[in-house]
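The chain below stands alone, shown as structure tokens; this is the form predicted alone.
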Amino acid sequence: MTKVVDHINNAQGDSIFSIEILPPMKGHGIQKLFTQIEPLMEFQPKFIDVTYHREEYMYKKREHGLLEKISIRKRPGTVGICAALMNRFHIDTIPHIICGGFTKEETENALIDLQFLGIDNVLALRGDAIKTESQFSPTEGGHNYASDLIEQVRAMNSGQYLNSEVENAFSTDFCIGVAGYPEKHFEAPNFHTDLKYLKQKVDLGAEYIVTQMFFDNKKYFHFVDECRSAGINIPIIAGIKPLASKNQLTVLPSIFHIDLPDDLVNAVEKCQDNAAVKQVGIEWATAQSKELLEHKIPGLHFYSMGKSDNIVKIASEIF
């Protein structure tokens, strides 16, 4: 399959189009996901990101009032979904690989599976804290930071595995992407500290950046300028999320630690229902995308969050 950086180079200055999808909840089939993606194929997305979700914990009552702590994954199947999408749509898929919930050996085995499937791209992320915990804590025997993941992937790209006794080891050939935060990661003390850690990931081998969603293009342009000043010269793909419901005015800033422009907030607050909000979201994201395309950015990456009809309408306006 084709690496993300090759898709960008092959576009010869045009912006590529890509999407991110969520795996279905446990117990649900994949057909609904196929149905959502099908209309987007008309616009020739270059790749589809598939998110990975760490474990959560629940407690079951046992005899004598005891509680048993049980680990579950509500959205399993990332690797299988990647393979299914490749098979059905003949498109590159990019699994997220995360630190939380995985040992280094489990990560190595997952990367081996991906290599066997012909998946040549990964997005390396630390991942979120468990919902019941106030801060991220790594799994015993796992990684603390995305930079640690990058080092492991790069080692495998050089034929180095955790078991030093492996002889004549096959070298993988993964293209590694990382996340970037135009409004800084919420745990970073300031923007420039966050940029320092991003530069570290690039120095370790990251080949492209996908930004967190943003709703003000000035923040993306500022982020790119600051990256270039810091010596970060790899492609920076813009992450776009069309608003779709009024409650996202509070949910998105709370979860993703982003600001929403006054004009967008005012427009949404005037809406009588979510159908009107969705139209506002489409118009705002379309205007955002058109301005970004004028600046010949490497790519537009749409966060679908299980919906695609609004992205279809945006794509029909810009591609």
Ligand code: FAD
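Keep in mind that what you see is a predicted model, and the values were worked out from it rather than measured. A residue's number is simply how far along the shown sequence it sits, counting from 1.
There is also a form predicted in complex with the named molecule; it is not shown, and the following applies to it.
I112 falls outside the set of residues with a heavy atom inside 4.5 Å of the named molecule in the predicted complex. In the predicted complex, no heavy atom of F215 sits within 4.5 Å of the named molecule. In the predicted complex, I98 approaches the named molecule with a heavy atom inside 4.5 Å. In the predicted complex, at least one heavy atom of T51 sits within 4.5 Å of a heavy atom of the named molecule. The putative spot formed by D14, L40 and F89 is not touched by the named molecule in the predicted complex; no residue has a non-hydrogen atom within 4.5 angstroms of it.
The contact residue chosen from K219, K104, H185, R154 relative to the named molecule in the predicted complex is H185, the criterion being a non-hydrogen atom within 4.5 angstroms. Of the listed positions (C175, I240, L243, V210), a single one reaches within 4.5 angstroms of the named molecule by any non-hydrogen atom in the predicted complex, namely V210. Figure note: of the listed segments 244 to 252, 197 to 205, 162 to 170, 224 to 232, the one touching the named molecule in the predicted complex, with heavy atoms no more than 4.5 Å away, is 197 to 205.
Taking the named molecule as it sits in the predicted complex, the stretch 103 to 129 comes within 4.5 angstroms of it through a non-hydrogen atom at L123, A124, L125, R126, G127, D128.
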